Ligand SMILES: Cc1cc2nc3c(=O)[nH]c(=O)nc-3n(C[C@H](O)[C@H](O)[C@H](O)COP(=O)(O)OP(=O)(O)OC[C@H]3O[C@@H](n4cnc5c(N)ncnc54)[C@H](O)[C@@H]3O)c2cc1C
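A lone chain, given as C-alpha cells: the form predicted alone.
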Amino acid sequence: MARQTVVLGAGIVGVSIAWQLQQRGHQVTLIDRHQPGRETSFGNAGIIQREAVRPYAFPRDMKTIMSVLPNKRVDIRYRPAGMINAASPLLSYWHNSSSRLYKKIVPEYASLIELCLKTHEPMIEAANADHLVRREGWLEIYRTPKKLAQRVKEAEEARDHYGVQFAVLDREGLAEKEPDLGSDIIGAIHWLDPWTVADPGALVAAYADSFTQLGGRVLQTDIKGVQQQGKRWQVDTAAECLEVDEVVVALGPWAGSWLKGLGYHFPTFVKRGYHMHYTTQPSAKLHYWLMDAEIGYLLAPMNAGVRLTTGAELDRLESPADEKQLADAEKVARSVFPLGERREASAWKGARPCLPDMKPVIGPAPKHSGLWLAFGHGHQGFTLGPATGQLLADMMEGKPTEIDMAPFRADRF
C-alpha cells in the first residue's frame, strides 16, 4: 500500500517535495491556504542561480555597517522593532559570517546549488513549462572598475572551485546586449549558467499541475493543527481531517513559529522584500535580468512587465508594508533603464525564510518519527526547491543522497 504523506506549504519547496514523492509512488496531499506558488515563491527575481555558490553573509567590516545605520541604503533596510525581535538569530548570523566559519559554510551551501539545474530540468519537462524558461544567464552590472574587478576575482574563484561559468563585459560589450542602459554603467559580469523564468509563480503552479496529473492532491485550506497518533499523524484543517503516515513541514517563513507547537525552537528570521512591475518607455526594451550590484536591486523582463525587486528589509514577518525602499530603488533604476509607468497600485510584499548559518534545514525532525522538515532557504528557495525535493524524498525512502546532508540536519541548532 502506498505511503500516505501530507506536505504543508505549497511554495516551490513544498511543491517540489510533493512532486518527487508522488512520482515515487507515495499518496500525497499538498496543503496550503493559497494556491501553489502565490506566497514567497511568487515574488522572487525568477533566477535559478547556479552561480550563487556563496550565501549572503552579514556585513563584518565597520565601513559597511556604518553605512547601513542611517537606514537609507537600497539594498538593506531595517526597522528597530524587527531588529530587536530577531536580535539573537541576527547576532548568530553575524558570528557565522566571520571568515573562519563562512569558509566552512560555503562548500556545504555550494553542494546544494550545484544540483539546481539538473533537478529543475525534469520538472520543467514534465510540467511542459519550457516556454517560461530562458537559458541565457543574467547580467550583474557595475558602476566602478574597482568593484567590478573585485567581483571578477570572486567569479574566478567560483569557476575554479565550483565550475561556475561567466564572461566579463566592458561598456561596449554590455551595450551590444543592453543598448538602453544609462551612462553610469561601465561593465558587467554575464553569468552564463543560470536560467531565468518569466513568471516564477506560473512555474510553481505548472509544477503543481504536474503533481496533480501524477495523482497528487492539492487541498487549499487553513491548517488547524498537527499531532502524532501512535505511529501515524493527524492533520486537522478547516476543510477536513487527514490521517497519514508522514508529514513534511515546508512552510517557508512561517515554519519556525508553526513548529513551536510541536516543541521546536529554531532561530528563524526573515528578510522581507518588495516588487513592482513597470512598462517601458517607447522603443526601449530590457533583454536580460539585470542586478545593479553596487546599489542592490534587480530589474527583470517578466511576462507582467519589467519587475523591480528590492534588497532585504529586516522586520517582523507580519509588519505592515513600507514601500519607501521600493520607491528609492525605483528612483535609481530610472537612471539606469527607461522605465515607464507602474502597472500595479501597490507593491507585492514577501519574506525570505532565513536561518543564521545561511543553510536550510532539510531532513527528519529530531523529536518525532514520520515528521520531516524543509525550510530556511533564504534568498534561494526558488533555486533550491527541486534539489530539496529530490534530497528529502531520498532521505524519506532511506536511499543514498547525492550530497552529504549532515550540514542541513535539524538538530544542529
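Only a predicted model underlies this, so the values are computations on that prediction, with no experimental measurement involved. Position 1 is the first residue in the sequence shown; the rest follow in order.
Note that the form predicted together with the named molecule isn't included here; everything after this is about it.
Asker: Just one of 39 to 47, 22 to 30, 357 to 365, 66 to 74 has heavy atoms within 4.5 Å of the named molecule in the predicted complex; which?
Answerer: Contact-bearing stretch, as computed: 39 to 47.
Asker: Check each of Asp222, Glu136, Asp160, Glu240 and return the one that places a heavy atom within 4.5 angstroms of the named molecule in the predicted complex.
Answerer: Selected option: Asp222.
Asker: Can you pick out, from Ala347, Ala387, Ala351, Val53, the residue that has a heavy atom within 4.5 Å of the named molecule in the predicted complex?
Answerer: It is Ala351 that has a heavy atom within 4.5 Å of the partner.
Asker: Between the named molecule and Gly11, Pro253 and Tyr274, in the predicted complex, does every residue show a non-hydrogen atom at 4.5 Å or closer?
Answerer: Verified in the predicted complex; spot residues all in contact, yes.
Asker: Gln325 near the named molecule in the predicted complex, any heavy atom under 4.5 Å?
Answerer: Outside the cut-off, so no.
Asker: Decide whether Thr310 counts as a contact residue for the named molecule in the predicted complex under a heavy atom distance cut-off of 4.5 Å.
Answerer: Judged by the heavy-atom cut-off of 4.5 Å, Thr310 is in contact with the named molecule in the predicted complex.
Asker: Taking the named molecule as it sits in the predicted complex, is Gly378 near enough to touch it, meaning that at least one heavy atom pair lies within 4.5 angstroms?
Answerer: Judged by the heavy-atom cut-off of 4.5 Å, Gly378 is in contact with the named molecule in the predicted complex.
Asker: Are any of the heavy atoms in His34 no more than 4.5 Å from a heavy atom of the named molecule in the predicted complex?
Answerer: Looking in the predicted complex, residue contacts with the named molecule include His34, since a heavy atom lies within 4.5 Å.
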